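Just one chain is shown here, as structure tokens, and it is the form predicted alone.
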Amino acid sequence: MVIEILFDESCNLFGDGQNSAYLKATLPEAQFIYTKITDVPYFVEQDPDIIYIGSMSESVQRRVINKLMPYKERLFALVEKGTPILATGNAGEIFCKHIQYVTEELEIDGLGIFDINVKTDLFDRYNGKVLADFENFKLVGFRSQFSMLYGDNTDYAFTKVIRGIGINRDSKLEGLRRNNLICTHILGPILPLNPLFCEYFIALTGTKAEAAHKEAALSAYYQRIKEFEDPVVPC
């Protein structure tokens, strides 16, 4: 199995680097390709089994979009093929149609896989917890962001939140999904916080694997669910 980690030197905010570390602990025999932002991505000529990209600053986000724009059609093809791609935090915004940076009075086009617009305001940070329903288990995590997404993601939401917000403060539908491309603002990082989701995501490749340190990870996961379900705990 080949796993490509995109731009890890710059896209690792909010502990998101631990998502790739947890994948590596879970899949020790896999080959990990760490693509720098100055490199030609491995996926351009090859077929990785998994692609991962984490949170980044707003300036890096613009660099990432510029970097990936020439390979947009190749990315579309991988998405249509069903290659598992996970983008956490604001990384998923690169796949949206348009991004408005309010504070910097700047607007750019995204890769356009989703007909969703992004508004980023550096004077309006949202911090919160997430408890969500997904498949036959729950997801837990955190959010810390300057951006909100706008548009109708009813047909391609990643998950529905029980507590917390969706793509914006008026939504309960969190994230974006097309085939096996999953974009979520859930931080934490999401994979070690949610070992069942880690196993689910890996299974999208056709490979069954047990999440690393599963007993300890599940113990923390169930404790966090209990805390987040408590109405006294603010979300």
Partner chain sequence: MKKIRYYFALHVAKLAQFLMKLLGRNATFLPGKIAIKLSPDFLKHLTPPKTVIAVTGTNGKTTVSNLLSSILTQNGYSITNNSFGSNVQAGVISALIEDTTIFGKPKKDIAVLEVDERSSLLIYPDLKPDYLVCNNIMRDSLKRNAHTEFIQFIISKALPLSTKLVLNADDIISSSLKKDGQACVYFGISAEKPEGNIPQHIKDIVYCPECGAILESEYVRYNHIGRHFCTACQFQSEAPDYVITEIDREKDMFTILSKDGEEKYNLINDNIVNVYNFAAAIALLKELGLDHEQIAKGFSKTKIVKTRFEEIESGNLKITMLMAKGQNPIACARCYDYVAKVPGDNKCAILVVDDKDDNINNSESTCWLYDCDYSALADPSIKQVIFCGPRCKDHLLRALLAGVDESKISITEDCSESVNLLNTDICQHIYVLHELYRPEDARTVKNGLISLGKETHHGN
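Please read all numbers here as calculations on a predicted model, not as lab measurements. Numbering follows the first chain given and starts at 1.
The same protein has a further form, the form predicted together with its partner chain, not shown here; the description that follows concerns it.
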In the model of the complex, is there a heavy atom of its partner chain that lies within 4.5 Å of any heavy atom of residue 49, even though the partner is absent here? no
Spell out, yes or no, whether the shortest heavy atom distance between residue 60 and its partner chain in the model of the complex is within 4.5 Å. yes
Can you work out whether residue 25 and its partner chain are in contact in the model of the complex, taking contact to mean some heavy atom pair no more than 4.5 Å apart? yes
Taking its partner chain as it sits in the model of the complex, is residue 166 in contact with it (heavy atom to heavy atom, 4.5 Å or less)? no
Answer among 201 to 209, 37 to 45, 176 to 184, 65 to 73 for heavy atoms within 4.5 Å of its partner chain in the model of the complex: the stretch 37 to 45
Is it the case in the model of the complex that 1, 54 and 153 each bring at least one heavy atom within 4.5 Å of its partner chain? no
Quick one: name the residues from 4 to 33 with any non-hydrogen atom within 4.5 angstroms of its partner chain in the model of the complex. 9, 10, 12, 13, 14, 15, 18, 21, 22, 25
